[in-house]
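As C-alpha cells, one chain now follows by itself in the form predicted alone.
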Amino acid sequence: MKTIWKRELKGYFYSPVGYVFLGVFLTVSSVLFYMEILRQRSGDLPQFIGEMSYLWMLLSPVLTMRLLAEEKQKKTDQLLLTSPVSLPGIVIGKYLAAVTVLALAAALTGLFVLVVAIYGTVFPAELAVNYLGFVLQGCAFTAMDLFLSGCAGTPMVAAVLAFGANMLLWVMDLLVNAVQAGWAAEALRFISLYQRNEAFLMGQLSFAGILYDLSFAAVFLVLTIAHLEQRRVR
C-alpha cells in the first residue's frame, strides 16, 4: 500500500495533474476570499470555508480521473491486479495519494486564515472544526469519484462520470427545500454531504457527521475493491 501511495503521489507531480488541481483550487479560492472576506472586510471564515467546499464537487474528478481508468486505458490494469499487493492495498494506496493532494490544497488555504488573523480575530477551536468538516467532505467525494474511475474505460470518461455524480449530489441537496413530501426531504437531507457539513460550519463537532463522511468514503472504497475483484477473476 505504501508503495502504491508513493507511486501515485509522485505521479501527480511528475505530470500536470497535481499542479493543475492545486493551481485551479487556489485561484478560485483566492477569488472567493476576495469576494467573501476582503471586499466585504469580513472575518467570517466559516462562510468562506463553506463556499470553498463546493470546489470539491468541481475538482475532485481531476484527482481521481486517472487513478484506475488510466490503468485500464494503458492495458496495465491486469499487471496491477496480479501484483503481490492486495486489492485493498492498491485501492487504499491510490485513495490516500489523492487525499494527500487534497489535504495539501486545504493546508495552503491557511494563508487566507493568516491574513484574517493579522487584521482580525480567529477562533482556533471553531476553525479546526470548520476545516475538519471541509476535509472530510472532500475525502467523501474523492472515494466516490475513485469508484467511478474504476468503472470507466478512459480518464476523460471517468472525469465526466465523476462530475455528473457530484453534480447530482448537489442537485439533490437543492431539492431538500423543494420537495413536498416530508419523508422525501428527510431522505435527501440524510444522504446530503452538504447538509452534514452544516454543523461543522457552525463550529459544532458533529460525531454523526464524522461517522457519515467516513462511512460514505468506506462504502465506495469497498465497492471499488469489489469491482476490481470481479475484473481479476474474469
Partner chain sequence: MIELKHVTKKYGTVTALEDVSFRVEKGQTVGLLGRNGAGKTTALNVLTGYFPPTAGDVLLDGMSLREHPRECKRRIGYLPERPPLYDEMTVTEYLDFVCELREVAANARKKHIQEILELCGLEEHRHRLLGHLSKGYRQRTGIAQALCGSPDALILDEPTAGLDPAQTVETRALIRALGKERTILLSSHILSEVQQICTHAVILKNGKVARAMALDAREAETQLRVTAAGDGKRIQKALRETEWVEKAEIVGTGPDGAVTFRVSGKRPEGNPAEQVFMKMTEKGIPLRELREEQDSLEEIFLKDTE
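Residue numbers count along the first chain shown, from 1. Everything numeric here is computed off the predicted structure, so don't read it as measured data.
In what follows, reference is made to the form predicted together with its partner chain, a form of this protein that is not presented.
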Open item on the list: I need to confirm a contact call. Of 132, 101, 116, 81, which residue comes within 4.5 Å of its partner chain in the model of the complex, counting heavy atoms only?
Closed with: 81
Task: Touches its partner chain in the model of the complex: residue 227 (any heavy atom, 4.5 Å) - done: no
Open item on the list: Since only the chain is shown here, I'm wondering whether residue 85 would be in contact with its partner chain in the model of the complex (any heavy atom pair within 4.5 Å).
Closed with: yes
Open item on the list: I'd like to know if residue 109 sits close to its partner chain in the model of the complex, meaning any non-hydrogen atom pair within 4.5 angstroms.
Closed with: no
Open item on the list: When the contact criterion is heavy atoms within 4.5 Å, does residue 66 count as touching its partner chain in the model of the complex?
Closed with: yes
Task: Option from 122 to 130, 101 to 109, 149 to 157, 68 to 76 whose residues, in the model of the complex, bring a heavy atom within 4.5 Å of its partner chain - done: 68 to 76
Task: Within 4.5 Å of its partner chain in the model of the complex: residues from 1 to 24 (heavy atom criterion) - done: 3, 4, 6, 7, 14
